[in-house]
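A single chain, nothing else alongside it, follows as C-alpha cells in the form predicted on its own.
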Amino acid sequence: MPGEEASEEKDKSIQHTAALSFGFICLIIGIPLWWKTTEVYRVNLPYSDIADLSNTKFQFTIDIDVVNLEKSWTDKDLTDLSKLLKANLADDRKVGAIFPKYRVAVRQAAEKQSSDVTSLKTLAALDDYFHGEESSVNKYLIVLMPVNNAVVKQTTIGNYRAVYLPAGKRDLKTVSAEVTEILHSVLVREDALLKSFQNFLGAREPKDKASMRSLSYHQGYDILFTLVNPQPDILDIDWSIKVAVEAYLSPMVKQLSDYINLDIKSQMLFFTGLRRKPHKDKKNSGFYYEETDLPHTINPLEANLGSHASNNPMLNFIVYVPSRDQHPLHIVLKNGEKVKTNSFLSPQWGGIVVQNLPSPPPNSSLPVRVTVDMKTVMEVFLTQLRLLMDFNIQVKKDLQVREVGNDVIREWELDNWLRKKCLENLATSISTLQSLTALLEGISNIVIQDDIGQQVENAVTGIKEAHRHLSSGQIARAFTQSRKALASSEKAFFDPSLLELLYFPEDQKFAIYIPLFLPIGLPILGSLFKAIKWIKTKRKQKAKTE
C-alpha cells in the first residue's frame, strides 16, 4: 500500500541519514581527533646542522714567534727565513678533517734581551727568563742562539713554550727545516692529532701503542695508591704516602685543576699478594716474572683492591713487597735483562712497582720496621701516570729536552694535550649526535622531550664555539666548549626516555589496534556503503521521474 511504502521509505531515509552521520563523525572528527591525541611529542632538532658537522673541517691556529740573537744574521736574512717558514707551514697543502694554521713572526731580539742572555749561565735560568718575557698559551718561541753561547750547544726544548736553536753560520733552509720538523713532530704533532680525531669519529684504523695505552678524556679520574704487604707479621712497612703525594703529585693536580679533577686515595692490603707463582732464578738466588706472566698477576690482585663506587675511571698504582719466600723478586725482559725500575705498566689500568725490602736480621723481634723508598716509587708512578694520561711525547735523540722538574707537565705538553683532547671530544660529540639522529629518524614514535632537545642544541652550539676558538688560537676556551659539547651529547644520547625497548614496533601496533577498530569499523563502513548506494538510487529515480 502507498502509505506503508511511504513509511518504509521514511525509515530507510532515517537509517541511511544516521549511517552517514555516524560515518561523518568517525571519519571526519573521530579519526583526526584520535590521531592527534595519540601523537608522539617530538621537539624539533637541528638535523641539518648535525648532518653538516661531519663535513666540517676544523682549523686550529698556532702562533710562532722567532727571535734572533745571532748578530751575524741581517734583517734580510730574517725576512727570507720568514718566507721559508711560511712556505713550509702553509696550510693550503693540508688535507683532511683537521688542519693547522701557523701565524709566523720573525724579528731581531732587543738589545736588552741580547745582553741579558749573555749573563745567563744555565738552561734553567735561560728558560725561566724567556718564560717571564714571552710566554703565552698556544704561542711558541723559537730562539735563534748565537754560535758562541755556552748554555745551548744543541737544539733544546724548554719546559715552557720555547725552543733554543743554535743558529751560527747555518743556512736558512736548514734552520727552517729543523723548526718545521720540531713543530710538526713535537710541539703540535699534526699526524697524531689527525689520526686520533679520525679514530674517535669512527674510522676503523689500526691504533698505535700510545692510543691503546692512554685513557680517553673524562671530567675526573680516581687515583688509588695501594701498598701490598703479604706478611705484616714480619715487616711493618712505612711508606709515607701522604707526604709523597703532596711532594710529587700535588703540582700535577694543580696544573690540571682547570681541566680535570684528580681524586687521590690510598690503602694498605695485608695477607695477599701476586698469586702467579714466580720462576726460580737458578743462577742467582732470587725469583723473577717474565713479560708473559705479568697480565696474570693483575686480575687476582684487582679483586682485592675494593669496590669502585664512582663514575670516574680508576687508575691503580701498587707498591708490592714480596713475601720472604719470594725475595728478591724481579721483572725480566724477553732478552733476559732485569727491568731497572722493577715495575710494569698495564694500559688504561695503572702500574705496579715491586719493592725488594731487606729481610729482618736473625733473632730480631718481629715485625721489623722498614721504609719504602718513596722517591724512587713516585718517580716511576709519575712516569706511568704521564703515559696513561697521554702526556708523554717521544722526541728524536738529537733533540734535547729540559728535565721536567717539579712541574711534572711541561707547558707545551699541556698545550698539546688540550689540543688533542679538544679534538677528541669534538669527534666523540659529533659521532654521538649523528648516532642519536639516526636512532630518532629510524624509530618515528620515540618521544623527544624538551630537555633532550635543549641538550642537543647545547652540544651543537658547543661544537661550533669550540671550532671558533680553535680557529682563533684560544685552545683553553676551545677545550672548555668541547667538554660541554661532549657532556651534553652524551646526556642526550643516554637519556632513559630514548630507550628503544620502550616503544612498540609498527607491526605490533597493528596487532593491537586491528582487534579494537575492526569490529567497529566494518559495520560503519558497511552502513556508509549502503547509504551511498541508496542515495545514488534515489537520484536515478528522481532523474527518470523528471
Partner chain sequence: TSPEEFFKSGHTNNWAVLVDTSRFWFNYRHVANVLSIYRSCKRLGIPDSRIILMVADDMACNPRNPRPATVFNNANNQINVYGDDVEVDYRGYEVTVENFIRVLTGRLPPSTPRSKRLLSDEHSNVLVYMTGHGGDGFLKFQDAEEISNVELADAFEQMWQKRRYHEVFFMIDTCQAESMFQKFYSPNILAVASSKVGEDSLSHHVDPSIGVYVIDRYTYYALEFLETVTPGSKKTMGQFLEVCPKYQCISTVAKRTDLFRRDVNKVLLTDFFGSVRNVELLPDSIHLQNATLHTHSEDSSDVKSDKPLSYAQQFPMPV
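Numbering follows the first chain given and starts at 1. Given the structure is predicted, the values throughout are model-derived calculations rather than measurements.
Another form exists, predicted together with the partner chain; not displayed. Remarks below refer to it.
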Query - Listed range touching the partner chain, judged in the model of the complex by heavy atoms within 4.5 Å, from 355-363, 163-171, 435-443, 470-478 - result: 435-443
Query raised in the report: Within a 4.5 Å heavy atom cut-off, is E302 in contact with the partner chain in the model of the complex?
Result: yes
**Report entry** Partner contact for K139 in the model of the complex: the partner chain, 4.5 angstroms, heavy atom
**Finding:** no
Query - the partner chain contact at F99 in the model of the complex, heavy atom, 4.5 Å - result: no
Query - Contact flag, P32 vs the partner chain in the model of the complex, heavy atom cut 4.5 Å - result: no
Query raised in the report: Given that the partner chain is left out here, which of W73, F130, F344, W417 has a heavy atom within 4.5 Å of it in the model of the complex?
Result: F344
Query raised in the report: Considering S323, S185, Q348, Q219, which brings a non-hydrogen atom within 4.5 Å of the partner chain in the model of the complex?
Result: Q348
Query raised in the report: Which residues from 444-472 come close to the partner chain in the model of the complex, meaning a heavy atom within 4.5 Å?
Result: none
